[in-house]
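One chain comes next, on its own, written as structure tokens: the form predicted on its own.
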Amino acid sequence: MLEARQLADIGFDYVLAGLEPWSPFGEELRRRLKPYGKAERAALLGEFRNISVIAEAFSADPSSFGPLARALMQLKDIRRSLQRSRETTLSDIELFEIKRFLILAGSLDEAYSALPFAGELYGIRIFALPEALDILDPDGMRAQTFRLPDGASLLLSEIRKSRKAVDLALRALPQTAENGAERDRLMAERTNLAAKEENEELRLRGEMTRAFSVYADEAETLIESIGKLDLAAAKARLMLTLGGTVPEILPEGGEKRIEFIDMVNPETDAAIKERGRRFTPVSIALEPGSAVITGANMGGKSVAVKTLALNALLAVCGMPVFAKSAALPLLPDIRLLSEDLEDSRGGLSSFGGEMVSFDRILTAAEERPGSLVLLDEFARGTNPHEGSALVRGAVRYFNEKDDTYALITTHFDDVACLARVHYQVMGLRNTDEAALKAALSSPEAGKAPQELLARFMDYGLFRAGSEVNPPRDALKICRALRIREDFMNKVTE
């Protein structure tokens, strides 16, 4: 799968940061989010069903989730104490935290039962543990405190009664020299009683711990469900906030296609909105073999590739995708080659680093049939003649792989004719050149040329014929960016 720096680059970390679970158990699952494996197909489909059901209920009545949210927010992670309950006697603090958790579990069960989908979610069962709570709360007061009651044993009751009498006697004894011996006797008696009380409390806590430990497994099962419920609810809220959807996961052995309609990259979208513009949705449909995206630099090829990488990864991680609709198989791997991969420590140039990484991608795709491979401006680090040959070789190679989806962006000619699918970035294709020239000759105050140029650039994709070569927009873009005229004249001579 993708490396950590690539996750940040495609906007995956940005999306995860937008997930806001209410409990420590949901937060832990958020941090450990990972792709579902082939054997986990049923769990992935169940997760998407959970997200859909929760999103529908939340959209209809957000306030109905208030009690659930309040209960989840108060929970603390007690799993270490649960484990210790099987091994040793728990302390007062540990018993207090478990008792508090069990009280909140009752509130959580009540809040969950009031929701319209209670009992319908896949792999989630929320329940109370009243018998376990009775062990830690023998008085039945359900107060979020913990102290062994006097009635826990006859000996404890007698010890505490004696301690109380000694304490009263000490307070009543005048602070005089002649009472020194009596004070010392009372203090010694108090110390002795305190030791007896501590020993009896230790014995009672041991009995209580052993009695509760029978329910430790059930408490851990409940915690697992709480985490799943919390994270699914966070995913549903994020989907509603950012306008996502649940993807269709194609059945194993069925049709082979990856299709996203009107994809958006939330991080890029947010950055563009800050500049007063909007993200152009991207639609891509792939079949096994090679697909190519061509277009001028600055035209949005890299954004399209990263948007696909992001949404494909989100889908296999059980996350909503940010598209109008999406359908794809359960991809076993996603590989992206998109950056300057210079490895100075290994003595490799950027081109050498790129080719080493590409070789690893080939091996990974061979080992994991059905993978998605994304190559952004592949072989750009060498001369155009050899670079073009390498790209054409990559297209031919993946065309022979009926179990790999490959998407390659390039500005080289004579590549698209070899691909099974050819997309082209709209770029300045439909731009009114007179309007562009007028805007750039009288730029708005404080606006950089590239900002104005971006207003005229169409970052959408369209299906192009295999015979269509990349557009010739480079010189037009250079002039729009006001590259020195004396230099441009040399270029066009």
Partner chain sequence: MLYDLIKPHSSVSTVGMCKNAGKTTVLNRLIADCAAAGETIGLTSIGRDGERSDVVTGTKKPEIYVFDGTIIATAEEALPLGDISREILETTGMPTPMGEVAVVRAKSDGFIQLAGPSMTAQLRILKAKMAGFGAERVFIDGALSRKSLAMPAVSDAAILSTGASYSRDIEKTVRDTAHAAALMLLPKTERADLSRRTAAKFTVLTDSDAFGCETAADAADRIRSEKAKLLIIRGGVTDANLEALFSAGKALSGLEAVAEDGSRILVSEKNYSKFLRAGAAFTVLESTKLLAVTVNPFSAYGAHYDKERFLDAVRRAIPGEVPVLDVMKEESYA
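Small disclaimer: the values here were computed from a predicted structure and weren't measured. Numbering follows the first chain given and starts at 1.
Omitted here: the form predicted together with the partner chain. The next part is about that form.
Comparing 161 to 169, 376 to 384, 261 to 269, 232 to 240 against the partner chain in the predicted bound form, the single stretch with non-hydrogen atoms within 4.5 angstroms of it is 161 to 169. Taken together, the three residues Glu110, Ser153 and Arg203 all stay farther than 4.5 Å from the partner chain in the predicted bound form, as judged by their closest heavy atom. Only one of Arg183, Arg79, Arg125, Arg360 lies close to the partner chain in the predicted bound form, with a heavy atom inside 4.5 Å, and it is Arg183.
Listed residues Met187, Ala327, Val214, Ala118 were compared with the partner chain in the predicted bound form; Met187 is the one with a heavy atom within 4.5 Å.
Interface residue remark: Glu97 is counted as part of the site for the partner chain in the predicted bound form, having a heavy atom within 4.5 Å. Interface residue remark: Phe146 is counted as part of the site for the partner chain in the predicted bound form, having a heavy atom within 4.5 Å. None of the heavy atoms of Leu250 is located within 4.5 Å of the partner chain in the predicted bound form.
The partner chain is not shown here, but in the predicted bound form it comes within 4.5 Å of a heavy atom of Ala194.
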